[in-house]
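Only one chain comes next, encoded as structure tokens, the form predicted alone.
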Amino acid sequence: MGLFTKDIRNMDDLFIHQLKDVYYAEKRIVGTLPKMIDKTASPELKQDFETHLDQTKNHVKRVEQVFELHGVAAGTVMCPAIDGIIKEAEEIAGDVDNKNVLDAALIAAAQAVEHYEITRYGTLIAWAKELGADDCVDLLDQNLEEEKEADEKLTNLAEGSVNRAAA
């Protein structure tokens, strides 16, 4: 089902489609973060990525709960946006030999992922409210807040030490 297909007839269909999109994204991130952890030289960045991997596993579970609360089987739709962000990160990581520069590149890639997720969760929360799915809002908001916190930690780490070491 594409975003603008006949399969999306109403706001509920759009909500479910977007939920499947973010579910796909979260599952892809669970598979990608261990590779990023392995490539990281900075102990603080490694720790941040490990913490966020645990959080992302919980994000998957919360999204599954939202599907359940909404009365829909959990499922995914392909998400070309997250696939592109991950592909770009993998290409950059393969091209950088300097570990300090690589850490800066990994932070940039991780923040691209975080920003994508922040937009998706913000939209899902707004739509859940409009649909009267208040029971879903709290779960989605927990994920959103953790994504924002991860982004802030990455910014602080980049600006505090990683970018300087890379320069």
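Residue numbers here begin at 1 and follow the sequence given. None of the values given here were measured: they were computed from a predicted structure.
Not on display, but discussed next: the form predicted together with another copy of the chain.
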4.5 angstroms heavy atom contact with another copy of the chain in the predicted bound form for E159: yes
Non-hydrogen atom contact D54 with another copy of the chain in the predicted bound form at 4.5 angstroms: no
Touches another copy of the chain in the predicted bound form: I118 (any heavy atom, 4.5 Å): yes
Interface membership of I92, another copy of the chain in the predicted bound form, 4.5 Å heavy atom rule: yes
E50, D135, E130, D38 - the one with a heavy atom within 4.5 Å of another copy of the chain in the predicted bound form: E130
Option from 122-130, 26-34, 41-49, 54-62 whose residues, in the predicted bound form, bring a heavy atom within 4.5 Å of another copy of the chain: 122-130
Contact set, 12-50 vs another copy of the chain in the predicted bound form - heavy atom within 4.5 angstroms: L14, H17, Q18, D21
